[in-house]
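Shown below, as structure tokens, is a lone chain in the form predicted alone; questions about how it binds or moves come after it.
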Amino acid sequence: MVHINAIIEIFPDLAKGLTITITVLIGAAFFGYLFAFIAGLCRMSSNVFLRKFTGFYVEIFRGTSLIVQLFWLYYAIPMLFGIELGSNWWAGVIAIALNYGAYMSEIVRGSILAVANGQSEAATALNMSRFQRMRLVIFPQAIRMMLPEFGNYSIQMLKATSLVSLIGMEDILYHGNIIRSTNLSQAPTVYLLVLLFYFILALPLIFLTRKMEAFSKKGVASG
């Protein structure tokens, strides 16, 4: 049973992990979007090596577990190759970013391909270069189509930040597990509060996603 006194006692301890959770989310989102755009555009490149390399990256990170990827970056790679990412924060951020960047790269590629061919043909008729067509005509329309899915993946990345507790980062879930391990009877209260913390953090992202969905419906040419 959940008691008010227990909530008042546990809440400040869980709040200590907010900074880690939020900074990991911001870092993972920034690099995740970056990897998504780079990989998505490279998969459309005329360079065979770039297409194959980014295709390999996408399939590896979409086809394996994020937890395993996290452990590889934090434990296996430093031991096998002597490559250190600097801290568990960086290991967590890069693992989440690489994983979700692989998924979002397909959104980037698909959105660009979804822009009507007539748009590119019209730009060509105006004597625009390939770069100009992409920058001025295709990309602005594709971005609108990407936004809703990017918003959804931002929420997914927020939930994925809970995994960084597995490599010793003192996020919300880490503090929750510490409290639960010292007093098992408080487990229901602890995990109810952890759930509420993540839900409250997700609310602004949910709101932004809905706004982006509305925005995406405007200004995309068809036919």
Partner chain sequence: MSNWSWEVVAEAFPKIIDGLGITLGLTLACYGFALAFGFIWLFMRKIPIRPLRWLITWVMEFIRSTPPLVQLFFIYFAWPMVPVIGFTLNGFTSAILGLGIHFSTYIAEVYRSGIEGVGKGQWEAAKSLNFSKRQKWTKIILPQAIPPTIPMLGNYFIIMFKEVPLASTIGVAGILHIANSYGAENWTYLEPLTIVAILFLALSYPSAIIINRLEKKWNRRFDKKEALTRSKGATA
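Everything numeric here is computed off the predicted structure, so don't read it as measured data. Numbering follows the first chain given and starts at 1.
Just so it is clear, the following notes concern the form predicted together with its partner chain, a form of the same protein that is not shown.
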Can Ser45 be called a contact residue for its partner chain in the predicted bound form at 4.5 Å between heavy atoms?
no
Answer with yes or no whether Trp90 is in contact with its partner chain in the predicted bound form, where contact means some heavy atom within 4.5 Å.
no
Report whether the minimum heavy atom distance between Ile107 and its partner chain in the predicted bound form is within 4.5 Å.
yes
With the cut-off set at 4.5 Å between non-hydrogen atoms, does Lys159 touch its partner chain in the predicted bound form?
yes
Does its partner chain come within 4.5 Å of a heavy atom in each of Pro12, Leu34 and Lys211 in the predicted bound form?
no
Quick one: of Val194, Met169, Ile179, Ala29, which gets a non-hydrogen atom within 4.5 angstroms of its partner chain in the predicted bound form?
Val194
Within 136-151, the residues having any heavy atom within 4.5 Å of its partner chain in the predicted bound form are Glu149
